[in-house]
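Take a look at this single chain in C-alpha cells; it is the form predicted alone.
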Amino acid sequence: MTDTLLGRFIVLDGPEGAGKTTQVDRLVRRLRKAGRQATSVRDPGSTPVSERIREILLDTGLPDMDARTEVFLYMASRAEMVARIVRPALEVGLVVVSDRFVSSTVAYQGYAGGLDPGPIWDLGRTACGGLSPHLTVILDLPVEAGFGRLRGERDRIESKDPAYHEKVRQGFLAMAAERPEAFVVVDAARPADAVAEDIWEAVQRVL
C-alpha cells in the first residue's frame, strides 16, 4: 500500500544515543532546501493520544512491563500517528521522516525482549494499515558509546541493563542484514556531518 502514495516515508532508527533526533532534523532541513516538502514525526508520539501512550511507556515510576504489553502500546501509538499524520502527509506528496518505527519494536521487544520478531512485523503491518517505510536507516554505534552521549535522567527503556541494549543493537544489525533492499546501516560513531552525508546519499536512492 505504500507504493500507491505520492510521498516517501523514511525512518531513522537504531540504539540509544545514536543521534537519531539530530539527524532527523538535519534531514528534514536538507530535504526542504532541496525543494521537497518534508515533515518529521517521533515514534511513539506526535499526536495527543500517542504522546500520552509515550508517557506510559517511558515512565520510570511504573513497574517493569511484559514485553507483549509494550508491543501493543507501541503499536497503538503508531496506529494513531500513521492515521492522523503520516498517511495524510504521504497522500499529498510529502516526505515524512520518522524518529523510530516498527523496526524499534522488533529490536527492543523482539530480539532483546525475547519475542518472535515475525509476529511483531505482522502486527506492525496491521497497526499501520499496510504502510511500511520506503527506507529505514539504522544509525549504529556501540552501546557504551551511545550511553555516553545521553544527557539527563534515563527513561524506563534507557534504564534497562547494558546486556539488553546490546541485544537491541544486534537486533537492528540482524534485521538490516536480512532486508538489505529496505535497510541501510550507517556508522553513527563518526562526526555528525559525516553521518548526515551517508544518510543523504541513502535517501537519494528512494526519492
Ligand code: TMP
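Since the model is a prediction, treat every value here as computed from it, not as a measurement. Throughout, we count residues from 1 along the sequence that is shown.
From this point on, the text means the form predicted together with the ligand, which you will not see here.
Enquirer: The chain here is shown without the ligand. Which stretch in 156 to 164, 29 to 37, 136 to 144, 178 to 186 comes within 4.5 angstroms of it in the predicted bound form, by heavy atom distance?
Expert: Stretch with heavy atoms near the partner: 156 to 164.
Enquirer: Given that the ligand is not shown alongside this chain, does E16 nevertheless sit within 4.5 Å of it in the predicted bound form, heavy atom to heavy atom?
Expert: Because a heavy atom of E16 falls inside 4.5 Å of the ligand in the predicted bound form, the answer is yes.
Enquirer: If we define contact as a non-hydrogen atom of the residue within 4.5 angstroms of the partner, is V49 a contact of the ligand in the predicted bound form?
Expert: Result no; V49 lies far from the ligand in the predicted bound form.
Enquirer: Using a 4.5 angstroms cut-off on non-hydrogen atoms, would M65 count as touching the ligand in the predicted bound form?
Expert: Because no heavy atom of M65 falls inside 4.5 Å of the ligand in the predicted bound form, the answer is no.
Enquirer: Is it the case that R54, even though its partner is missing from this view, gets within 4.5 Å of the ligand in the predicted bound form, heavy atoms only?
Expert: It does: once the ligand is placed as it appears in the predicted bound form, R54 has a heavy atom within 4.5 Å of it.
Enquirer: For the stretch 44 to 75, I need every residue with any heavy atom inside 4.5 Å of the ligand in the predicted bound form, listed N to C.
Expert: Contacting residues: P44, R54, L58, Y74.
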